[in-house]
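Before any questions on how it binds or moves, here is one chain, the form predicted on its own, in C-alpha cells.
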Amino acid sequence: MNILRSNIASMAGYVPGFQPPDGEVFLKLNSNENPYPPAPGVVAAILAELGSDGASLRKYPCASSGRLRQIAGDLYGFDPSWVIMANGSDEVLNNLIRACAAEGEEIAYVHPSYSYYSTLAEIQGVKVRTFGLTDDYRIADFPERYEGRIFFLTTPNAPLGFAFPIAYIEELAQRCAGILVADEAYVDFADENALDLVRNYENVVVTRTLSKSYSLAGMRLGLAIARPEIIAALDKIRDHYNLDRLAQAACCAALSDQDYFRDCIRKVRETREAFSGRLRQLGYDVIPSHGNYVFAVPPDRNGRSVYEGLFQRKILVRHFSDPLLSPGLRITIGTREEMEITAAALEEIG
C-alpha cells in the first residue's frame, strides 16, 4: 500500500553536519555556531519568562510575535508590517516556496549554496533550476529575464564565504520576474546588506537568522523583511504559534543588546582574518570570507584526508562530497584559542 506521496518516499532528505554524541568532547567547527554565549540578558529574560514555578508555560505565546516584530523593525528601520518572525530562517524559506510556487512551477538557486533549498523544493514538488558560478563569483549564464517563481541567493555564500556586491544583487532583482530572496544568514559578519533593496524593489525579500551572529542556534529564531503584502501572505501559512514563549523572550533580549552583538561580531571577524592568514601560510587556498567560517583547500586538494586527520584529533569541520566542494573544507570560526589549536593540528597533518 502506497500511503506516502511518491516524491516524499523517494527523497533523501537534508543531512546536517555530524553532531557528536553527548559525552564526547570535540572542538566543534562544523555547524557555523557562534563560539561565544548569547548576550547576558538572554538567560535572564528566559528565566524571568519561566518564573519560579513555570506557570507561564501553560499559556500559549503571542501568536503574532508582535513585540519581536516591533524590536526588529526598529532595529532595521522598517514598520513591523514589513517583518515576520520565524522558527529559524528555514521556516521562512519553506513558507516562501509554499506561498509563491505551486507544484510543477520553478524555483532556482546557485550551486553551490545552501543545500536545504533542494529539500524544500522536493517537499513542495516544484521544479529546480541551478546556476553555477564564474571565476569571479558571479552567476554563470543567468538570463536577462528569469521567469521562475523564486530565485534564492545566499549572500554571503555558504559554504564558500564570498558575498555578492549589492549593486549586483540589485541587477538580479531587476532581472527576476518573481521573488528574489537574499538569504542573509551570515550577513552580520559582512560589510554590507541588501535591506535597502527591500525598500526599492517589491520583489526582494531578505531573510535573517539569530542562530549565527546572536548565538541562538539552540532557540531556532529567524525573520524575514519584505513588502507588507508578502509578509501578510507568509502570516497566513505559518504555524499560528510558531515561536514559543522562551524563544520570544530570548529574541527580544538578544536584539536589544547591540553593544554585546557588535563586540561578538568584531571578535569573530578579527579571528577569521587571523586564521585565514595562518591557513595561507600553510599553503591553503582560502576564499576571502564574509561569514563566520572559511572555505579552504589544502595544497594537495584532498579535503577528505584533512577532514579525517582533524577528526582523529577530535576537531570537527565540514567536508562535502559534492565534487565542486570535495577538494576543500568549511571551517567555522571559533575563539582565537580554538583556531590556534586547529591551525597547529593542520600544520601537524601537513
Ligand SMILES: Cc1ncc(COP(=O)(O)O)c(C=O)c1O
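Since the model is a prediction, treat every value here as computed from it, not as a measurement. Start at 1 with the first residue shown and count on from there.
A second form of this protein, the form predicted together with the named molecule, is not displayed here; the remarks below concern that form.
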Task: Listed residue that, although the named molecule is not shown, lies within 4.5 Å of it in the model of the complex (heavy atoms), from 109, 164, 214, 186 - done: 186
Open item on the list: Using a 4.5 Å heavy atom cut-off, which residue among 209, 248, 276, 94 comes into contact with the named molecule in the model of the complex?
Closed with: 209
Task: Contact segment among 234-242, 178-186, 76-84, 262-270, judged by heavy atoms lying within 4.5 Å of the named molecule in the model of the complex - done: 178-186
Task: 4.5 Å heavy atom contact with the named molecule in the model of the complex for all of 171, 201 and 227 - done: no
- [ ] Classify residue 90 as contacting or not contacting the named molecule in the model of the complex by the rule of any non-hydrogen atom within 4.5 angstroms, answering yes or no.
- [x] yes
TODO: Evaluate residue 205 for contact with the named molecule in the model of the complex, applying a 4.5 angstroms cut-off between non-hydrogen atoms, and reply yes or no.
DONE: no
Open item on the list: Is residue 220 near the named molecule? Define near as a heavy atom within 4.5 Å, in the model of the complex.
Closed with: yes
Open item on the list: Check residue 152 for me: does it contact the named molecule in the model of the complex (non-hydrogen atoms, 4.5 angstroms)?
Closed with: no
